[in-house]
Every structure is written in C-alpha cells, then in structure tokens.
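Here we start with a single chain on its own, the form predicted alone, put down as structure tokens.
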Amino acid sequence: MCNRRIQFQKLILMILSRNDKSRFNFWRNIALIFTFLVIICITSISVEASTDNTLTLFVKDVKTGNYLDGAMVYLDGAFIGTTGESNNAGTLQLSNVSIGVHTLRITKEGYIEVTKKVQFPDTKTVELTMNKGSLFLLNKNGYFPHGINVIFIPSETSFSCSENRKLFDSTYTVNENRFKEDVVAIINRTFLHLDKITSPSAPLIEDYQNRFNFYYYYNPAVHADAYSGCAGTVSDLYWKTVTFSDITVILYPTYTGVYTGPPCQPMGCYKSMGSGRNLMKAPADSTYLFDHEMGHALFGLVDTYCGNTYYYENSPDPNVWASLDKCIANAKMNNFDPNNCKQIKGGSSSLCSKPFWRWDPSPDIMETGYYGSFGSAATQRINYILSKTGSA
C-alpha cells in the first residue's frame, strides 16, 4: 500500500543477516522495522495527498468582467474542453496536468484569441480576460474552407437625392444589433434566395447556400463611408484586419429620395480595387438593387441596360456578347432561342446604342436593377462561379 516494498525487503534482509540471537536485540530489530514501516507509510500518504494535478481556468470579458461560457480551451495544442461545461460560469478544470511549462490557448467566436504560458504546479489557478474582436462569422453551419468570403461593414453615411448631398447616419454606428439584424436579413433575402430569382432552365448547384462565408465587421472606431466615391471607402485599419475578403459590402440603412440619375450619387455601386479589395455598396432596404450589385461583385455579370456603364464580353458563360454572331452561336450551343439576341439600346435616351448584345429577356435584373430576375444566360454564369468554390 505504501509502495515501499523494495526498501522494506532490503531492511529485513539486513537485520536478519546479523548473527545476534539475544532477546533484547531481537525486539529492538522488530521495533526498528515497525518504526521504519510507519515512517514510510506516513511519508507516502503525505506525498500522495499533496499531489493535485488539476489546473483551474477562469475566462472573463475584459470590458464587462462577465464570465464567458463556450470559450474553447487548448492545452499545448490539444483541445481540452469549453468553459462552463461543469455549470460553473466561465470555468474549466484541466485534470492530469503534468509538471512543467504548458501553453494555454483560448478561442471564442467574436473574441480575439488569447495564449498564456503556465508553470505547473507553481500555478494552479489561471484567470484570463478576452477582448471582443471586430469580425464575426454568421454562418449557421460553420466555416466553409473553400467558400466565397463576404464581409459586411456599416456605413456612417447615406445620401439625399432631393438635396444632392451626403448625410451622416448613425443608425448602425451606435447600434450593433440593428446592423447585425439588417445584415442577416439581406443575406437571407439575396445570397440564400438565389434559387428563387434565377432561371429554372439552369438550376443552381444543389448546395449553393453552403458556398459562402458571411461575416460582419464592427468596430466603434472604424466605419465605412458609402458616399465617398462610387462604391464608398473603408479605412486602412479595416484592410489590415480583413485580408481575405472576396467582396466587402458597405451597407447603409436607406437612400433618401429617389435616384433619377446625375447629379445624384447612385444608390448602389461596385468597384474592384485589386485582389481582396473589391467594394460594393447598397442600401439594406432595396433587395433587387442588392441582387444587381451582387451580380457584378461576385458573379462578374455585365449591365444589360444602355447607359454610362462598362461593357465587355464576360467569357466563359457570358451574359453580354461583343457581336450578334457570337450571341447567336452561344444561344444555339446552349439550346436558347437565338431570336432573343438583342443589341443593347434604349434606356433614358432613344439614341443610346452600344456595340454589345444581350440574350436574357426583360425583366432582366441586370437591366433594371429594381425588379426582375436573373435570366438563363446570367444563371449559367452564376453557376460557373459557384462551381469554382466548395463547401468542404
């Protein structure tokens, strides 16, 4: 029981090897054996009682001081558990911790991860605080490694077309919950609703909804300006934090008045500023306009209205062609009616005419921006882009 069998046996052999047969020495030796045994047992029990290999961890919010449940804890790179599992708020007990220096890593959605070196058993209780982060994943089914990364950032400005001036709007900048609610709503009405506004003749990839990673960015010190430039601007601090976006969406609550063209600033706009720096702006209350700008920003669709915009043949799977012959050939190849190939004309001026052709009939959302749907040609293009992504 005392785990000292070897030492005890050695002592017995040593005593019995003596050629001392006197009664006094015999009982003295027995007493020595008993005393030695008691000392060993007491020492062993004391050591065992003092060996506690449990490390207790407490995790709190650095600003509020509240305990944080659901924080994921890693010890030396291995996942150990999450805080709050034992019904003790923000707490996790790590058992069987070996003597020595260990590395604790704590992660929690919406917070900046924390790492700390711990000398055990010198330190048996650790309290860590976590700062809220700026980037929040909104996916219900988790992160998709090969998904399209879409990040929303709130604008502190809107626009009044009736006054032809930029307006400061604090709707989002002082209310994170309102911003998050509007972001979730627009995601559900647009990205996750694509099968309802695309052509049934070219069905979307079955798991298309799982090919996006949606985030919102919220930092009280960093806001976007939807009306500084066509597609708006964000600060350099944002770009230093968000280095992986496929598209950054500047969302503002609403556009004041009705846009009827210059000199008013546009309600929505998309602009590419290089890899990882694609910007799109749109109001949260205009679903069709959002779909139109999303068509540009993520799927490379070209406007099919006649006006002051940019035209090109967006191969492969174009929705605009540089000649009538190309439009007809593509229509025949895809079993479309070649008679639907029409030159891009009209618009606000009957004299407007462009040397490009479209196939998708009206109401085409890339033509109107305020109603309609994506036609067969546009849907094929959307499917092409989605096929280059993945949910795993």
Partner chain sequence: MNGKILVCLIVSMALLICIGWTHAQPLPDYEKIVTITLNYQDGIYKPVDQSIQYGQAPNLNILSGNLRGVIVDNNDREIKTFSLMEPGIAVGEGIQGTPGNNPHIQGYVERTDPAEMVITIPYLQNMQKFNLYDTQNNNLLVSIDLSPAIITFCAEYTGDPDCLGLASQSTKPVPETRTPILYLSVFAVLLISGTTLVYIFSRQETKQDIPRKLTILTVDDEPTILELIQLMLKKEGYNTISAPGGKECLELIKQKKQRPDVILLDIMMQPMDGWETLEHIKANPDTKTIPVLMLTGKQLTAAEAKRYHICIEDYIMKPFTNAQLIAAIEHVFIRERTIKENLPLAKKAGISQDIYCEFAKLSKHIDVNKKIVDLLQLTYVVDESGKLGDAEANKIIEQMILNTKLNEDRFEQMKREIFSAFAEKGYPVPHL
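Numbering follows the first chain given and starts at 1. In this text the structure is predicted, and so the values were computed from the model without any measurement.
The next section is about a form of this same protein that is not shown, the form predicted in complex with the partner chain.
- A residue is said to contact a partner when one of its heavy atoms sits within 4.5 Å of a partner heavy atom; Gly268 meets this definition for the partner chain in the model of the complex.
- For Gly372, no non-hydrogen atom is located within 4.5 Å of the partner chain in the model of the complex, even though that partner is not displayed.
- For Lys140, no non-hydrogen atom is located within 4.5 Å of the partner chain in the model of the complex, even though that partner is not displayed.
- In the model of the complex, no heavy atom of Lys196 sits within 4.5 Å of the partner chain.
- Proximity to the partner chain in the model of the complex, defined as a heavy atom within 4.5 Å, holds among Thr91, Ser235, Thr190, Thr256 only for Ser235.
- Out of the listed residues Ser158, Ser134, Asn210, Ser245, Ser245 is the one that sits within 4.5 Å of the partner chain in the model of the complex by at least one heavy atom.
- Residues from 127-163 that approach the partner chain in the model of the complex with a non-hydrogen atom closer than or equal to 4.5 Å are Tyr143, His146, Gly147, Ile148, Asn149, Glu156, in the order they occur in the chain.
- In contrast to the form presented, in the model of the complex the C-alpha positions of Phe214 and Val73 spread farther apart by 3 Å or more.
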